[in-house]
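A lone chain, given as structure tokens: the form predicted on its own.
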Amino acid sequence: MSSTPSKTIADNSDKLVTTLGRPRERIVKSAIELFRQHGIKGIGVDAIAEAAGSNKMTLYRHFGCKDDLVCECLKQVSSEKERIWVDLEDAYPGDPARQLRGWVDEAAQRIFNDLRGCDLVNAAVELKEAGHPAQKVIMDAKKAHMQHLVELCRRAGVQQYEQLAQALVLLVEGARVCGQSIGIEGPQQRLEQTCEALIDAFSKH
């Protein structure tokens, strides 16, 4: 008989539990990892509480329901990813053109190093129920990231900066799907070269 998610969790609980930190932090950290491993609908609050070294009563004291926990996890994931803009500025201060190419490099590395894909996109695919609160969290996060990228393209001196930003996002999101569906040898291997060529083409106008 194949092992169930709960058995897998129990076997690996020492890896998932953060012994330091408050219960809320442990619950969110464990939930993020378990959602990545098993999907949001594939894991329950009992397993999350156990992996966090807590209990269901404590979980519900911090989060009114599982949907609230899902939203908090997605917000934290989004916040972590948005640090890229600060990191790019630190790496290439005052050079938006180089920062743009750094964004491409970072996106490619994420795709190549983690075939599970984007947490936000995976959640959007899984949580299709009309009015699910996570949908707004996902949409707001994706819009904010796009706005940052549009502004970076503008500061890099690209005249058609909105079109470039949209095209780059389409390439990156498509590459993620290829990585998940085709594997490491798929066409996403040419993501960086394709994005670089696109930036060069837009920069000439």
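As the structure is a prediction and not an experimental result, all values here were calculated from the model. Note that residue numbering begins at 1 and tracks the sequence as displayed.
A second form of this protein, the form predicted in complex with a further copy of the same chain, is not displayed here; the remarks below concern that form.
Colleague: Heavy atom to heavy atom, is R22 within 4.5 Å of a further copy of the same chain in the predicted complex?
Modeller: Because no heavy atom of R22 falls inside 4.5 Å of a further copy of the same chain in the predicted complex, the answer is no.
Colleague: With a 4.5 Å heavy atom cut-off, would you call H38 a contact of a further copy of the same chain in the predicted complex?
Modeller: H38: contacts a further copy of the same chain in the predicted complex.
Colleague: With heavy atoms only and a cut-off of 4.5 Å, decide whether E173 touches a further copy of the same chain in the predicted complex.
Modeller: So E173 counts as contacting a further copy of the same chain.
Colleague: Tell me, yes or no, whether A97 is in contact with a further copy of the same chain in the predicted complex, where a contact means a heavy atom of each within 4.5 Å.
Modeller: Output for A97 is no: heavy atoms all beyond 4.5 Å of a further copy of the same chain.
Colleague: Check, residue by residue, if L88, A108 and R155 all come within 4.5 Å of a further copy of the same chain in the predicted complex, counting heavy atoms only.
Modeller: Not one of the three qualifies.
Colleague: Pick out the residues of 117 to 144 whose heavy atoms come within 4.5 Å of a further copy of the same chain in the predicted complex.
Modeller: Residues within 4.5 Å: V121, N122, A124, V125, E126, K128, E129, H132, I138, M139, K142, K143.
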